[in-house]
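The chain below stands alone, shown as structure tokens; this is the form predicted alone.
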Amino acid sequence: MAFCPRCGFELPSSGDCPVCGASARDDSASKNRPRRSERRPIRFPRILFPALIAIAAAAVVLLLLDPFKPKAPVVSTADVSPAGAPQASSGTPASPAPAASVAPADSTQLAAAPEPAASNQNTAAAGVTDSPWPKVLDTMPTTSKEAYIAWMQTHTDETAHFLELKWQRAQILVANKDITSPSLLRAFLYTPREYFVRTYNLKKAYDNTAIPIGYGQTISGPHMVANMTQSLDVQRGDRVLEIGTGSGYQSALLSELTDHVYTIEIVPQLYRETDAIYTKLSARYPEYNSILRKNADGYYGWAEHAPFQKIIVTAGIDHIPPDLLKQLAPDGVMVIPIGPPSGQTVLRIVKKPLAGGGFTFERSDIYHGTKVIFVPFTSTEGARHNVDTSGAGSGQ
């Protein structure tokens, strides 16, 4: 008996294989070879399959979690728009720019900002104390996120979560050219916006939107605040008047640029609430002690402290208050939203002295035709201000 050497078919005693055509061979070499149907299947060890499944699962976990690679936060450019375009107003936010990319949300748990202490103060103004100039702020690193956060945790009580959000927002402000001044960048990076938004909106502290703070008022979005402040070009030693204290954030930012800040709030409850926030934070931020503030109608300015090199108005009005123009120093700058309630133009006004006496006022639109909406500039009685025929302000 013989088997085909190629396919194993049982052959007759002589002749070629009728299946594959191979020559017959002697049975001596393959007489013990089993037929194909009798061969034993290959058996793998039982432990092999669970081991392979475990290895595959571990590989998937490593690919998804990637725990060995440090995660650097991605700065979203969703807010970046052409230079000069408004990002948000103190009333209704501007339409968002088309998103270029979206950064993953930070899963860090939100830390609570300190709540303002209760205050019964309703005085006309707080006292002025010496301001610590030159400021340690000049030593803040602004080119490395890690160095910045480490520096801030040494000099402030801000949490890493909000410092991370503030750093990301600052990168967008710089990319959008809402901030071009190194001093303003440091002021923005230093000022704790999360302490001025109210706790019920804490998660939105560094969002690019106007945020309600109660009493029909808002805190303007960071792009609006930065752009208006940059248009003022505040220098150390400038006397700056703010009309509309609101949350207190704008004056806090200004106090990092100059030690002469004056602010007026018309809503008594909001004035007391914000005054308490300044008082509570002044131990860590002594510059807030130099913010002179009062509860009054800002339409008439603050004549006893005039002239002011810079004036910023954070409420919309359909004309420029005459008293504010009078109190603006020669070559001084005012930034004010002018227009109807449906939309205002944010004007930058420079008071230029004339050779023969008197003044002329140079106006420019910081948003180049784009309208924004601010909360209304109202009188003490809640009505809108008008200008009478003599040109003097009246609180009608």
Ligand code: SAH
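Predicted model, so just to flag it, every value in this text is computed and none were measured. Start at 1 and count along the sequence shown; that's the residue number.
There is another form of the same protein, the form predicted in complex with this ligand; it is not shown, and what comes next is about it.
Next on the checklist: Tell me which stretch of 200-208, 143-151, 302-310, 265-273 has a heavy atom within 4.5 angstroms of this ligand in the predicted bound form.
Outcome noted: Stretch 265-273 is the one.
Item to check | this ligand contact at Y249 in the predicted bound form, heavy atom, 4.5 Å | outcome: Heavy-atom contact with this ligand at 4.5 Å: present for Y249.
Next on the checklist: Can you work out whether E158 and this ligand are in contact in the predicted bound form, taking contact to mean some heavy atom pair no more than 4.5 Å apart?
Outcome noted: Answer no; every heavy atom of E158 is more than 4.5 Å from this ligand in the predicted bound form.
Checklist entry - N176: heavy atom within 4.5 Å of this ligand in the predicted bound form? => result Close contact is absent here: in the predicted bound form, N176 is far from this ligand, nothing within 4.5 Å, heavy atoms only.
Item to check | Exercise: G298 in contact with this ligand in the predicted bound form, heavy atom 4.5 Å | outcome: Yes, contact at 4.5 Å.
Checklist entry - When you measure heavy atoms, are T191, S255 and L292 every one within 4.5 angstroms of this ligand in the predicted bound form? => result Checking in the predicted bound form: none of T191, S255 and L292 is within 4.5 Å of this ligand.
Item to check | Contact set, 360-378 vs this ligand in the predicted bound form - heavy atom within 4.5 angstroms | outcome: Read in sequence order, the residues that approach this ligand (within 4.5 Å, in the predicted bound form) are V375, P376, F377, T378.
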